[in-house]
Every structure is written in C-alpha cells, then in structure tokens.
Ligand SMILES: NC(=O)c1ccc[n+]([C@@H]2O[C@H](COP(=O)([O-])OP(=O)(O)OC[C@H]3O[C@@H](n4cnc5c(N)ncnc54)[C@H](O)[C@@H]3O)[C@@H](O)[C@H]2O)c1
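Quick heads-up: it's one chain on its own, the form predicted alone, in structure tokens.
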Amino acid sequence: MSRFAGKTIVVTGSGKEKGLGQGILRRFADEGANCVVSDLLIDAEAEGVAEELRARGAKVTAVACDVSDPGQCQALVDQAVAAFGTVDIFVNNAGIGFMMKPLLEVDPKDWATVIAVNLSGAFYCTQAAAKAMIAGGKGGRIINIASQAAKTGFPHLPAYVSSKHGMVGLTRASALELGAHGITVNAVCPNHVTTGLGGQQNEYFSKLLGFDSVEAYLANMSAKNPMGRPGLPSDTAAACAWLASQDAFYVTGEALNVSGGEEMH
C-alpha cells in the first residue's frame, strides 16, 4: 500500500524503541509516507528508530524537540517543511506519566511538568502544524494520542488523567476552528500499552494493587478485557492510519477509543 506516498508525517515522542510513536511511524512508512522522528533528544536510540524506518523504504529525518517549549515546536515544524516541503499529518504523541503518587502527595512541580508536556505541548505543536498546513493550502490531519485516561479516572495519576482529559478538549476546540481549512483534528484513546512508560506503570500498579508480580497484574488486565489482551502499538497505529486517510475526511473532533472494548464512552 502507498496511500500516503508523498505525504509527510511528524510524530512527537517517537524516538523510543517499542514506543507508540515508533509503532505509528512504522505503519506510515510502510504506506509510503516521509517520516519525521522527534523526541526530547535525538540519541542513539532515536537514530536507531530512524534507521529502521529507512530500512522500510521511507525518507526520514530526525529532529530534537522539547514540546513544552513553543519555540522548539515551531522549529520542529519548520525543519519538517524544509526537509520535505510540507507537513500533512502531525501526531501529538509526546507524553509523560511516570510521576505516580497519591493526590495528596503530588508535588506542584511534577503537576506542572506533566501538564506542560502532555497538554501545553500538544497545543503548541497543533498551533505550529496548523499554520504550516494552512500555508500549504492542502489541508491536513492532526491526531492527538490521548488515553483511556482521557475518558476514565485512575488513582495516583491526577496530572496525567487531567492532561489527557484536557487533550480531548483541545481536540474539539481545534476541530471547530480548523475545519474551514480542510484540517481534521481527532484524538485516539488507547488502553494500556506496555511501552517504556507502560512498563513503569506496570511496576507501580502491580505493587499498589497487591499483585505478586507484574505478570500476574498483566494477566488480570487481560482477563478483564473483552478482547483478551492489553493494547499494542500497532492498534493505535492502525487507528491513526485510518484517521489520516481519505476515508476519514469527514471525521473531526472525535476521541476514538482503541481499547478492545475496555472503554466504551
């Protein structure tokens, strides 16, 4: 398939092996897109992600970006346009959720850090990407990687849950204003995926909930899911590919659950 041939996709937070960002870029690389890998640092791991995408036949560039800095978000978009001439698909995937503490013990600095990355970062990047898409005159797709935590509360994650709920609000507000420019804005809400961040959550919550091991915690999670397993990066990637396709040209402002039936509202 080459339905994204000639299109350019930027995915923030995509420089980690086995991460959602890598999974999303793999899907788009396989369908012909030019790929922009971006993470806080373009280190050996991020370069490895880029090289793997090149091995799949994609044209790839890697750009460092701290999404909590609006100037760096603008620079990311500018460099993507300089490399490939356009930004057609922008995925706000960068996020942090490892600051797990009871509500009454959360440090205000940690709260501010999570909101700055997960929510403000998505806003800064949406603004920069939308300006480039409008200038290009061909519309575009903005996809926000929210979470099941955008629909349901979870203990010991007040900042993360709040940021993801806020991301759905940002999605809806952005969709209202950008539709006139042919830009759709949607969110994808995956359930738990064992990425690097997911692994940290597994360790924390397996102990918090009294499981003997992470394996027992994951087995319980699978048993409660109608489809019998937690999510995979490829599940989220498939949803992104559909939202970015022409088939979804009339879908905007939505927060799509990709949870195997675990989340239904």
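For clarity, every value in this text was computed on a predicted model and none was experimentally measured. Position 1 is the first residue in the sequence shown; the rest follow in order.
Below, we turn to the form predicted in complex with this ligand, even though it does not appear here.
Could you check which residue among M133, V77, M100, V193 gets a heavy atom within 4.5 Å of this ligand in the predicted complex? So the residue touching this ligand in the predicted complex, by this definition, is V193.
Have a look at C35, V49, C65, C240 for me and say which one sits with a heavy atom within 4.5 Å of this ligand in the predicted complex. Selected residue: C65.
Would this ligand in the predicted complex be within 4.5 angstroms of a non-hydrogen atom of every residue among L20, G95 and S147? Yes, each of L20, G95 and S147 comes within 4.5 Å of this ligand in the predicted complex.
Going by heavy atoms within 4.5 Å, which of 82-90, 134-142, 104-112, 159-167 lines up against this ligand in the predicted complex? In short, 159-167.
Distance check, L119 to this ligand in the predicted complex, heavy atom within 4.5 Å: Close contact is absent here: in the predicted complex, L119 is far from this ligand, nothing within 4.5 Å, heavy atoms only.
I'd like to know if L40 sits close to this ligand in the predicted complex, meaning any non-hydrogen atom pair within 4.5 angstroms. Judged by the heavy-atom cut-off of 4.5 Å, L40 is in contact with this ligand in the predicted complex.
Interface residues of 240-254 toward this ligand, as seen in the predicted complex [heavy atoms, 4.5 Å]: Contacts from 240-254: none.
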